[in-house]
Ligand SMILES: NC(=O)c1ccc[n+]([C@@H]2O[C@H](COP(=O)([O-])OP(=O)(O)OC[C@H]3O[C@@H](n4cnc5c(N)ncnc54)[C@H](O)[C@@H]3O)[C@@H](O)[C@H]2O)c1
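Okay, so here's just one chain, in structure tokens, the form predicted on its own.
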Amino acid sequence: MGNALDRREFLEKGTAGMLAAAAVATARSGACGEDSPLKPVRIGVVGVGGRGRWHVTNMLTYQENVVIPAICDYRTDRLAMAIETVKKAKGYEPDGYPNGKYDYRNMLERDDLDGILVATGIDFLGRISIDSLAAGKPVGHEVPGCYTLEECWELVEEHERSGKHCMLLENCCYGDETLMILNMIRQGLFGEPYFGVGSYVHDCRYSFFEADGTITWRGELWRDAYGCNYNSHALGSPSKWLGINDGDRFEYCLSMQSRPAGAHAYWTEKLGPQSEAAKVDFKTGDFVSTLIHTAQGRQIRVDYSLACTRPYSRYYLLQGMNGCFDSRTGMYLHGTSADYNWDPVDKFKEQYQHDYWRTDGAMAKKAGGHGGIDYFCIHDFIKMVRTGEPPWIDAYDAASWSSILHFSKLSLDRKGGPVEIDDFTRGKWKDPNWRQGRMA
């Protein structure tokens, strides 16, 4: 259940480096104002590939009083590495669950787990999260989330039935700039926002196959689930900026994609035209663009690719009646910026930086993980488990964002035709304050 996600960054940062900082980190005051020891939070982890092991180390090193009694992964080599990580960091050995892809269900029967963190491949994220809620345990699951429309609805319904919370661990929503823009929107500086752009353009072709030639979950995703199939890094921030599920909702979408060629070309060059990798029929186009129209007449565009020959890129844009933020250009606010010239974004940071980054930005950067965003994401997950407070990115967001995989595929099947999107809140979105008071 481990994966190749962010393998390059994981190797660069290194588990050893984080463990070496553990002694210093234990003396920290705690994230977002916590300055005293808190009751232990006992987390079971399912899936400890590169991303899962990163979370294990992050929780033990930089989060307050976290214990990991149990870890599940059917890859015994990865499970052994994760267990050793815990042992070196904290001196105890968590129980391991290596017996197949469904051994996590035995782990869920334990009564010494306060919450579950899921970092498997995409095909199991939704199923394990639903089963965790059904077992009475709050859960945080990695992106992109649910794999099918049926799972999206099951996740919402199990959350409502069990009363337990689910958090989508979408770290990109926690960026310094993206949270600052949210803060400025809340203070009315952009006027009414009506258009947003988010992107995730990342050459991940290297991660489509393991060293032994086995196709990874990312490779399977690119092969089978064409459309906007890994969208939350791009979609999350614009959705929060435009109040999706808080006064607005996705209404319908249209998707188009270029022909699939990049992944085939990459693996043909790397392993030769007769290799098994070169024979895989990838269905996802090299570049996918999805337009989402909302119930309030707003619009979001998502640009997505894992097969473009270019450096890693995430760009964002917000357009409001009173101004615009463009991550590649700067900021313009009517009445503040001069003569229709772009201002540097940093000009606004001193006044409008979000409290998360103002208070704990230095600690977040020290923890690492995509420049610090992982720190705040996992902090909110641990807080959710510890206090029972609803998360900022909840089951309704998880279902809405994940469902675009399904609906964008339907649009492509209709040659870019519009496809209606389900309302996972069942009308609750009409009250913009129905989820007021959550984190972030």
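Nothing here was measured: the structure is a model prediction, and the numbers come from that model. Sequential numbering from 1, following the sequence displayed.
In what follows, reference is made to the form predicted in complex with this ligand, a form of this protein that is not presented.
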{"property": "Residues 47, 119 and 144 all lining this ligand in the model of the complex, heavy atom within 4.5 Å", "result": "yes"}
{"property": "The single option of 282, 352, 209, 124 touching this ligand in the model of the complex, heavy atom within 4.5 Å", "result": "124"}
{"property": "Contact residue in the model of the complex, chosen from 347, 186, 88, 75 - any heavy atom within 4.5 Å of this ligand", "result": "75"}
{"property": "Candidate stretches 268-276, 163-171, 332-340, 254-262 - the one whose heavy atoms come within 4.5 Å of this ligand in the model of the complex", "result": "163-171"}
{"property": "Exercise: residue 128 in contact with this ligand in the model of the complex, heavy atom 4.5 Å", "result": "yes"}
{"property": "In the model of the complex, residue 110 touching this ligand (heavy atom, 4.5 Å)", "result": "no"}
{"property": "Partner contact for residue 357 in the model of the complex: this ligand, 4.5 angstroms, heavy atom", "result": "no"}
{"property": "Contact label in the model of the complex: residue 316 to this ligand, heavy atom within 4.5 Å", "result": "no"}
{"property": "Residues of 209-237 having any heavy atom within 4.5 Å of this ligand in the model of the complex, listed in sequence order", "result": "217, 218, 230, 233"}
